[in-house]
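Here you get one chain, nothing else, as structure tokens; it is the form predicted alone.
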């Protein structure tokens, strides 16, 4: 590669770092976007506000001792939480738990388990994307 071409490539990579490599969270959001569009042709994107509401609102469909995500994960997602049995839970906000949501299999495992406990059902792709969007912003 000539010196000029190398410098041009380097400048492009520096100017557009997001284009270089999508991370695991981006890949999850892309997947949830595709699934949300398949479920609803009117899908218009994820919402951190809806993600926060999902986290904080009380839900009637799940277990009585876990009516909200905040029941175990603390009112502030940047703080540690605690299960009903007393086990400590690391913060769920990306700002204090930077490795959260980087293993898609783990993310799906915890969505399956926690959505069933709180909502009494599996989370929709829209709910997963909203949750992740909010947690990335925290």
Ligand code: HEC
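Only a predicted model underlies this, so the values are computations on that prediction, with no experimental measurement involved. Positions refer to the first chain, counted from 1.
As for the form predicted in complex with this ligand, it is not shown, yet the points below apply to it.
*Asks:* Three residues, 31, 44 and 52; all within 4.5 Å of this ligand in the model of the complex via heavy atoms?
*Replies:* No, the whole trio is out of contact, none within 4.5 Å by any heavy atom.
*Asks:* Only one of 89, 48, 96, 74 comes within 4.5 Å of this ligand in the model of the complex by heavy atoms, so just point that one out.
*Replies:* Only one option qualifies, and that one is 89.
*Asks:* Is there a heavy atom of residue 36 lying 4.5 Å or less from a heavy atom of this ligand in the model of the complex?
*Replies:* Heavy-atom contact with this ligand at 4.5 Å: absent for residue 36.
*Asks:* Considering non-hydrogen atoms and a 4.5 Å limit, does this ligand approach residue 64 in the model of the complex?
*Replies:* Contact check for residue 64: no, nothing within 4.5 Å of this ligand in the model of the complex.
*Asks:* Is residue 78 one of the residues lying within 4.5 Å of this ligand in the model of the complex, judged by heavy atom distances?
*Replies:* Although this ligand is absent here, residue 78 would stay clear of it in the model of the complex, with no heavy atoms inside 4.5 Å.
*Asks:* With a 4.5 Å heavy atom cut-off, would you call residue 115 a contact of this ligand in the model of the complex?
*Replies:* Heavy-atom contact with this ligand at 4.5 Å: present for residue 115.
*Asks:* Which residues within 79-116 place at least one heavy atom within 4.5 Å of this ligand in the model of the complex?
*Replies:* 83, 84, 85, 89, 90, 100, 101, 106, 107, 110, 111, 113, 114, 115, in sequence order.
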